[in-house]
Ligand code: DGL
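Just one chain follows, in the form predicted alone, and it is written as structure tokens.
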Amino acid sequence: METGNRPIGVFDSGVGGLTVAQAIRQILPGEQIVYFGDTAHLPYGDKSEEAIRGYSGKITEFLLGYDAKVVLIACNSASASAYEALLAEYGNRVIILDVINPVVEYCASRNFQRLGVIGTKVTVNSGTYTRKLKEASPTTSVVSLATPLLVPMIEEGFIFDDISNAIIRTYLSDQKLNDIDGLILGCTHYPIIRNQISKFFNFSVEVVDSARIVAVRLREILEEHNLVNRGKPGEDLFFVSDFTDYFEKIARMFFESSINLRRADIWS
């Protein structure tokens, strides 16, 4: 087997990373995806950094068991807490890609005046976005807001309804986000409610969705390393650490086909 024929490993705490997997499918249709949703431990946003690093390392080992050529951390909390650790531990065996650095590079090219970031407590409290954005674009003012209810809301299927609209409105009305001209969705779950967020701002704020940005960066990396699959891709594989009906529903919606969802108990 040529090295380019190996799959792309993608992981998240739940359904959020499916937004990235869908973007990969659109931009790199010839690639096989092996996805792992750690639904047994979601949400990552209220876990300690040590716990997230432990989960991320175990999942990376699982994806390496499928001979992944790239491990993509499709989770902002894990990217903030575990990217450097995974790079140090596995960087000599596999390409490690996170979802924060590509977004920072994109935003630096857009010359925002006042940029908002919403994400989980772990992502916001880490200060990763603020620090990296200040380094990449010193003239941009950055404000961050933790929005911890959004992930469980999405995972429970509360989207496009009065409950989700009320929660979104409460968070985005925070004065920290006054006068922003761009908003980073600092969690891969959030693109699922992107339209509701854009509507709140009357579509006058650029809502930065990491999924497509990261998929484009992934394509560049595969091309740089001559790892683009030139043959027929294998079947996409979807694993969860605990079954949830909503995960399967969302996965089928994103991929517009029947998927074979498997449970992988990698914790016992």
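Each residue number is its position in the shown sequence, starting from 1. Source: prediction; values computed, not measured.
FYI, the form predicted in complex with the ligand isn't displayed, but the following is about it.
None of Leu183, Ala82, Val151, Val71 but one reaches within 4.5 angstroms of the ligand in the predicted complex through a heavy atom, and that residue is Val151. Although the partner is absent here, Thr147 sits far enough away that none of its heavy atoms falls within 4.5 Å of the ligand in the predicted complex. The ligand is not shown here, and in the predicted complex it never comes within 4.5 Å of any heavy atom of Phe36. Under a 4.5 angstroms non-hydrogen atom cutoff, the ligand in the predicted complex lacks Ile59 among its neighbouring residues. At a distance threshold of 4.5 angstroms between non-hydrogen atoms, Val214 is out of contact with the ligand in the predicted complex. Stretch 36-44 is the answer when you ask which of 235-243, 36-44, 200-208, 214-222 has residues with heavy atoms within 4.5 Å of the ligand in the predicted complex. For the partner-free chain shown, Cys75, Asn76, Ser77 of 61-80 come within 4.5 angstroms of the ligand in the predicted complex, judged by any non-hydrogen atom.
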